[in-house]
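A single chain, nothing else alongside it, follows as C-alpha cells in the form predicted on its own.
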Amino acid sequence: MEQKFQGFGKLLHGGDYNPEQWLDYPEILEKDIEYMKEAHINVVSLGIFAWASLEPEEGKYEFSWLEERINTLYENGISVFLSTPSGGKPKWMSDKYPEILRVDETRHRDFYGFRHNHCYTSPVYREKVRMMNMELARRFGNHPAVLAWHISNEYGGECHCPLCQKEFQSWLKERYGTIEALNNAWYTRFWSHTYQSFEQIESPSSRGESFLHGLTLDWKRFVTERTADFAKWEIKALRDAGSDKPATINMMYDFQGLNYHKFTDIIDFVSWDNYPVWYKKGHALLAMDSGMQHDMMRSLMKQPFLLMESCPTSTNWQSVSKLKEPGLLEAASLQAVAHGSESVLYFQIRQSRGSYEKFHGAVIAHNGRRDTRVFKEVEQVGSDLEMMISLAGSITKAKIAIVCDQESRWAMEDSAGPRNKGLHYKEAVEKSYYAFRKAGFDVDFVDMETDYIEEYQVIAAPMLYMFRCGFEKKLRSFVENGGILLMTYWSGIVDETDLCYLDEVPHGLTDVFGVYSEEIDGIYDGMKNCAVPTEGNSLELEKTYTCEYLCDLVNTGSAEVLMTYGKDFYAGKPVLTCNRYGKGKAYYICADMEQAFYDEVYSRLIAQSELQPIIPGLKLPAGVEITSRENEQDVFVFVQNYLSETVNLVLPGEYELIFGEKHEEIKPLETMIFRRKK
C-alpha cells in the first residue's frame, strides 16, 4: 500500500487553542505564547468552532484577529493546524436559512444549538461552507505557519430531511439500478413491504420502517457517503482557492456512526481523539484497549497518524472526571507515539472560562499558573518528544492482521439473531488483539475491501458475519499460499445486503476450514460451557477453558478436532478445529472463549510457525507492552509498563537504550525505547 504521509519532520506537541475566547484579554494571549514555549509546544489547532468570530454577519469576514494570532505564533516558533469551522455554524445562518438544520429520524427539525446540527446535503450550507473555506484558504492557505488543514471537528450524526430523502433515493437507484433489484436485495416480500419505485423509499424511523435490515444497512452506508462527500466538498474548496496543504479529519474512538475506511481516499493523513477512562478497567487492560484503537487508526492508511486530541488531566463529560495520576500522562502520550503517532496534542491549551467545557482539563488552568502539576507534566512530555526526533516518519510493519469490518458489524448488530443484546463483537476483536500483543507482535487491522492481505502471515477474522467484496476468495487464496487463518463462530452467514446464504457456512470456505456450521446456541448471561482438549491434539493443549454467550455447533470433514464442548446436549462436539489447506492452515473457533484460551492457542500456533515476534525470546508479563516502529536504518522498540510493580527487563546486546533510565528493570508507568540497527 502506497504511503502518502511522511510526517512533518518532527514530533508535534500542542493542541486545540481558542484565542477568540480571549480577545478582550491581550495580556492572557501574550502570556499564552510564553507558556507554550516553556511547555515545548510547537503546534496549535486554530479556528475550530470559530465561525461566529470569523463571520459575525453574513458576508462580513473578520480575519484580522486570526491573522494576528497566526503571525505571532509563527514568530515564536509555533505552527498551526488551521480548521474549517463547519462543525458549529453561527446563529444568524440558522435563522435566515432554516433548511440547514437537521431533521431527526422522527421527522422533526432540530432547533439551533449544540454542534454538527446541520444537513450535509443542504445546498445552502454547502455553499456557505465553500465560501468560508475559500476565504480562509486565500488568506492563509499558503502561510508558512500552516502545516495542514483540520477539516471540521469529529464528523458525526445524520439528517432525515426531504433533501436527504431524495439524495438517499438517488443513491439507491445508482446502487441497484432497478427497483426489482432492490426488492430482491432487501427481501421486501417479507411482511409485504415491496416497493414500486425508489420514490416510495424513506429512511429508517422508529415511527415507520425499522425492521427491514437491508434498508437500515444501506442507510448507514449512505450516511457515511454523505459525510465523506461533505468532507470532500470542504477540501475541494481549499484546493480551488489555491491551497495544497495536507488535510485531515479528527476521528473518534470505536465510533459506529461512520465507516472511516471510506475517508482514506479523501484525506491525506489520519488523526483521532483519544480519551480513555483509565481507572475503570485497570491500567493494563485500558492500555491494551487504547493501543488497539491507535493501531486501528494507523492501519486505515498504513502510515503515521496524529493524536489530535487527548486530555492532559481529567475530562468534564465522562461519568466521573478522574484526574490522571502522576506519570500517566507521559505513559499514555508516549503510547500513541509507540503505535505510530507523530504527535501528542491536547484539548485544550487554555481552559475555557464558561459554558459546557469550562471544567475540561487543559494545559493552562483557570488560575493561569505554570507551576501546577499538570503543566509540569505537559512540559515533560514536550521535552520527551524533542528527544525523539529520530522517530519522525518511521512506520510499523506488522506481520499479523485482524479483520474488523464496519459494514459487517452494522449488519450483525441489527440481525435479530442468536443474541439481540450482548453479541460482544468488540470484545471478540480485543481477545485476538490482546493475545497477539501478549505474544510480542505488532498488529494491523484490515477490512474486507483491503487488497493487500497477502502481506501478512497470520490473519484473525472474529465474528465476520457478512462476506462482501469477494473476501472469502481472498481468504482462500491467503491460506492456499501458506497463510495461517483464524476464524470464529457467526462468520460467513450473509451477503453484502444481509441476505442469508443458502449453502453451508462459513460461506465459500467450508472446505478451507474442513467444517460447516449447523446451528448456533445463544447462551443466557451467567451460563457457561467449557472447551476440553482432545487427546494428542496437534497444539498440545492440556487445559480446559470456559466459554459463554455463543456456541457454534459444527460438523467436521477434513479438520482435526483440537477441543470439544464439555457439557450440554452438544458435549463432545468441536470447539476448536484445524485444517490444512494448500500450504497453509485454517483454524475455526466455535465459541466465545475466555481470554486465556486465546492467549495459549495463539502462542502455540505461532510457536509452530516461522513467525518471529518483535524481540525473539523476550518474555514479559501481561501488562508490559512492547511495540515497534522502523525506518530504513533502524528499528525502534518501545517497552511500557502498565503494571503496579517493577519488572525485570534484559534485552539482547544489539538493542541500544535511547530513552529511559539505564537499568535492567522497568518501573510502573515507565517508557523505555531501544534502537537496533538493521
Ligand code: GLA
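The first residue of the sequence shown is number 1, and the count goes up from there. This structure is a prediction, so every number in the text was calculated from the model and none was measured.
Keep in mind the form predicted in complex with the named molecule is missing from the figure; the text below concerns it.
- Only one of the listed residues (S408, S86, N250, S333) places a non-hydrogen atom within 4.5 angstroms of the named molecule in the predicted complex, and that residue is N250.
- Of the candidates W317, Y452, Y524, W191, W317 is the one whose heavy atoms come within 4.5 Å of the named molecule in the predicted complex; the others do not.
- None of 527-535, 334-342, 177-185, 151-159 except one has non-hydrogen atoms within 4.5 angstroms of the named molecule in the predicted complex; the exception is 151-159.
- In the predicted complex, H360 approaches the named molecule with a heavy atom inside 4.5 Å.
- The closest heavy atom approach of R109 to the named molecule in the predicted complex falls outside 4.5 Å.
- Contact between D273 and the named molecule in the predicted complex is found at the 4.5 Å heavy atom cutoff.
- In the predicted complex, F49 approaches the named molecule with a heavy atom inside 4.5 Å.
- Taking a 4.5 Å heavy atom cutoff to the named molecule in the predicted complex, the one contacting residue in 102-117 is R115.
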